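Shown below, as structure tokens, is a lone chain in the form predicted on its own; questions about how it binds or moves come after it.
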Amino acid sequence: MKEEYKVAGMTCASCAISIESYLKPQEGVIDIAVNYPNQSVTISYDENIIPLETIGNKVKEIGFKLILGTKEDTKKEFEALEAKRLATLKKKLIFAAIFSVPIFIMSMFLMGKIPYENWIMMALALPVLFYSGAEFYTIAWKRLKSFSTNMDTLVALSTGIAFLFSVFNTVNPQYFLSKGLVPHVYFESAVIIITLILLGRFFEEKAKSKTSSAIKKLMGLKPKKVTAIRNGEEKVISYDEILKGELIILKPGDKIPVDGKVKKGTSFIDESMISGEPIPVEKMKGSNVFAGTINQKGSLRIIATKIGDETLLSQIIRLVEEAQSSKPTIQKLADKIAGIFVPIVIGLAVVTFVLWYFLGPDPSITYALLTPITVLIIACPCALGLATPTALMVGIGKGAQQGILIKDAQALETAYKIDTLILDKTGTITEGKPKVTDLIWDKNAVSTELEKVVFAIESESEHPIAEAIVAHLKTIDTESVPIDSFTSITGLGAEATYKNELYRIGNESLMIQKEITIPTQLSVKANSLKSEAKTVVYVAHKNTVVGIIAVADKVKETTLAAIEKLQQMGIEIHMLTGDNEQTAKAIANKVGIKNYQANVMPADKGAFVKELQAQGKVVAMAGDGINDSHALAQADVGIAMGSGTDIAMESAGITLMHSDLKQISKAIQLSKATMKTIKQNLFWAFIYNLIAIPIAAGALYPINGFLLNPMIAGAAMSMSSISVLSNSLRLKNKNIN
């Protein structure tokens, strides 16, 4: 059996390694893969040898909780546990900060100026260690019982030993004084380490809590209640009770609960979640409708053809979940480093103790105690732990100032590697809103009078194109006139009378059906507009067309320049759209994109991303619709346009608030600068440990008699953290273009 379960309580990448290494040797466990970012574990096991409950108990033994039950139930329990954990973490962080600041000020600026200062600092440090930092010691103890370690182990050891050593020197300072040594205390190191680690974890937990919100919003597209016809009567039932083949009633504004076929009625459906196209689609008897889309203006009766997990919406949800569960390559590298760092440091401390105890000068026991403490203090993962998150925090903050919202730090880490960019058409390359582009009247027509009539007729229509025409006429201060009659002609247009004269507004089919003459010059112009992928509406007075109106989704003003810049950066650009071939070709040519595909469904977009990734390319996807959510989640970097849907933004790692493609090149530059800062930070953190740990262990003592004082080690540890922070802050002044 192979199943995925949520795991509560993981705090670092080495936690994932602990679970894997503890469960893998268990008899009956065939394979196991823990996904730390997604807080989940996928287990293949033989339930006849090791029941699931036993696996859950094994996980509990090392301090985590495997959440068992149905998929829906486990999600709810996990979310509740994570929300509670975040609230507790925030409380502990505030508590730690309140008590740590006075200790830091006393040790750094007021040392020797306050009576009983060591006793005061010890009293202030107690709540930080035994309340705010209690979890570090609890988890470290559970790891010890299972012979495993993580970063909590190192934090617990370094802060615990520093605290106990300081308590010893506070209670019994004569011990070291009698040996000619100063009894230093390190309370500030212990509490500041705990506060900083809690701060980092708080930000991390907040980011993790948002990862499932895209799925939640997709699920929110399912209505809770549905009106169905049962035994000849209308009945309100829950979504889960819908049966295949059942007749469902949809009123204006209703979310469609299932995939189905229209049996009766006419309406316009907002299908932007599937096609990405902003113009609602007219539905009549025999038309297909899809779950999650929204009935806009008419009433419909539909037959449910696909329910529950069979619907297109459920498929999109599943695809997004799969993409979010995948583990990035950089995370695997972090797992490996975290997995070996802690045991190595502990091992070095033990070796240091043994060497000084057996080989050190008198008093050897004193040196054997001091040097391992110095090693643990100076090797505290503070600088290493701050190197990446501080650079990311500054980078993310700078991005926000530039209108680039980074939701997923992984996206910022990856963006500079992008070599292929896929663009959705509508709302990404174009504005996403249909607008009147051309209004052409016959040379003999009285345009001002006709515009008033058109305004009056189109105001009566429910069609989205009519709304675009009305919106345009409003901008040129057109006034309406009282029309005598109005008739909507489904699928063709409308006709009305004004001052006892007949007017018709609609498509070419309406003109042909009513045998209306189209003057040659207007016919030629209409064909030209169609070749530009514009929708043409004809205005007829009596039996002659007197004007044409073109409606189109316009390309954004900055799109062409943005695409040119991205291409100059060596990025290969593709355009995918659910629109037809003619429109796709016209738009692609207009903005200089050679690679494009038309009539693309949501799942096809995700599959295309996978296809490019299989070729070894680092793929970014930019889009704005729910229909793009799978591809956005699947891509190495998902980029949502700020004008798009919330779900697209939740599925993407980066959101461009100005909906301007120029922001993509800025995001890439920001990623490059941030990664450079992270690498510098990691270099200095590793170099610091590489040089400082041997010195702390006493490597220079046989050469020149130098032995690092634990207090200097504490200061050096703080300085390394400050240097990393300062380097990260330099990113604020970086010029991003």
Partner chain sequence: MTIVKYKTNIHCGSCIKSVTPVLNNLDNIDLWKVDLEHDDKILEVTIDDEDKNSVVEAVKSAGFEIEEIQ
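Positions refer to the first chain, counted from 1. Given the structure is predicted, the values throughout are model-derived calculations rather than measurements.
Just so it is clear, the following notes concern the form predicted in complex with its partner chain, a form of the same protein that is not shown.
Proximity of K251 to its partner chain in the predicted bound form: non-hydrogen atoms within 4.5 Å are absent; the residue sits far from the partner. None of the heavy atoms of K542 is located within 4.5 Å of its partner chain in the predicted bound form.
Proximity of G232 to its partner chain in the predicted bound form falls within the 4.5 Å heavy atom cutoff. The closest heavy atom approach of I114 to its partner chain in the predicted bound form falls outside 4.5 Å.
Of the candidate stretches 369 to 377, 257 to 265, 135 to 143, 443 to 451, only 257 to 265 has residues whose heavy atoms lie within 4.5 Å of its partner chain in the predicted bound form.
In terms of contact with its partner chain in the predicted bound form, the residue from D419, E460, E282, E246 that brings a heavy atom within 4.5 Å is E246. The contact residue chosen from R301, K554, K297, K90 relative to its partner chain in the predicted bound form is R301, the criterion being a non-hydrogen atom within 4.5 angstroms.
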